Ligand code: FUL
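Just the one chain here, laid out as structure tokens, in the form predicted alone.
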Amino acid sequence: MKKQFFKPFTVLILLISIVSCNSIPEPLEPVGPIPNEHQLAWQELEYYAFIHFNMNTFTNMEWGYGDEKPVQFNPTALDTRQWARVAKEAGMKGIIITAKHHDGFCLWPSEFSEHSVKNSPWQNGEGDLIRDLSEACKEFGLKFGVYLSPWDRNHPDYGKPEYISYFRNQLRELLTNYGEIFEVWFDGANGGDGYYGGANEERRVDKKSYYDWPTTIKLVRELQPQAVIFSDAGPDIRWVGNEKGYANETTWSPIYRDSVYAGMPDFQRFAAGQENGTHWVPTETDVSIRPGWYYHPEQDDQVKSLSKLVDIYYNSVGLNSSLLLNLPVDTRGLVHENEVANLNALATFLKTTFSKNYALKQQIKTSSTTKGYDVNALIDNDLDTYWVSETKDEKPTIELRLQSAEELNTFMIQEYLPMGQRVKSFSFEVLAEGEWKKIYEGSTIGNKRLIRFETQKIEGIRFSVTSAKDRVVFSNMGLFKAPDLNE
């Protein structure tokens, strides 16, 4: 039989084919509900501003009764560009404005109400604060969002079916006249006593059925399909369950969405989410930089300190939540100097901390890796690449060794969200002076988990998943050094 010889080029092609076959990733299916593209884009923002500025600013109230007069709204130096500049310099990615709070006063010249800026002395009734802020956000590269209170203590029809048409008409104005909206914010506080066109009475509503939320949600989807919708129950993002700035140690993005509704009295039971929830509805942590949501001059010396703001950041963004930090604009129409100073201090702290990832280009090994996935995806600063453990590895471990010992104090890890939230518990260790020390034991991870530890010279770290719903899928990992807090 005649011998057959392969030409060198043919051999090269065969080798490439063999290598390629071996590098084809094993199929990976999502576990549980997963975020849609708009939720994913929102998750990446992580930190943005809430601005409470409205009639309450001028009446020194938190919740106006609804009997206020438009003439009372009269800022002396309103500058939405200053708001946007402050937010941008603080490292925030967007601004959400209280377009209408519970008192019913509108910051835009609504066609459907006389209780608005069009009847105020500000800019001789020709002003439109929503337009000004949307343009300022575009100028400074910020996302723009709107808060519209479902409750209206001024409107005579509140509590009646007619009010819902009014509410949706105003929502349509906000979603069609001011460009792209990244988030629509609906408050869960509604129903109670109010002016109601002079009735001065208490009006309670069935919070679950009165607003016919499915129809309103459909309207938002039609007008601003990329916008995420916030309320206690979602449908896209949900309340963290408190206004202190702290997410839960265990924070699942999945939730039994059909079991909750905006304003429900026992929402706290669901605040942490559920491991086997039916829908992806991650949390947003809303907190004010002062004790009040609106500006009160007597609180000028009660702006949260740098150390408090840092603590809030780690316990919101660092606990699988996004941080919505409120800035109560003052009666001039400016973000107060005390807020600006502390926001800038926080920005400097965060920039100093996260500007250098000491995990990059270091030696890394894992207890297992599914075929076709690269462990170095953990330290490439790319959210779109990811590492996957093997199915048989029930307690996967990641170990990273530094080329030389470094003084560090912060660890970060992120799950790859398009494959679902999987980790149920973990432990974290550091290698110092040749000895492993357990630093922390935790539960969920999700979008991001930040772990602070005492500043010390370490040679490496070990992250061990002790319980998971399936193979673990991580997109990023980091080691950082936060500066000392000198206040």
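Start at 1 with the first residue shown and count on from there. Only a predicted model underlies this, so the values are computations on that prediction, with no experimental measurement involved.
One more form of this protein exists, namely the form predicted together with the named molecule; it is left out here, but the text below deals with it.
- Taking a 4.5 Å heavy atom cutoff to the named molecule in the predicted complex, the contact residue among Glu135, Asp187, Glu406, Asp128 is Asp187.
- Here is the short version: of Arg290, His155, Arg238, His102, the single residue with a heavy atom within 4.5 Å of the named molecule in the predicted complex is His102.
- The stretch among 48 to 56, 24 to 32, 436 to 444, 421 to 429 whose residues place heavy atoms within 4.5 Å of the named molecule in the predicted complex is 48 to 56.
- Contact between Trp63 and the named molecule in the predicted complex is found at the 4.5 Å heavy atom cutoff.
- The closest heavy atom approach of Glu139 to the named molecule in the predicted complex falls outside 4.5 Å.
- Although the partner is absent from this view, Asp286 contacts the named molecule in the predicted complex, with a non-hydrogen atom inside 4.5 angstroms.
- When contacts are judged by a 4.5 Å heavy atom cut-off, Asp384 does not count as touching the named molecule in the predicted complex.
- Residue Glu243 is the only one in 227 to 251 with at least one heavy atom within 4.5 Å of the named molecule in the predicted complex.
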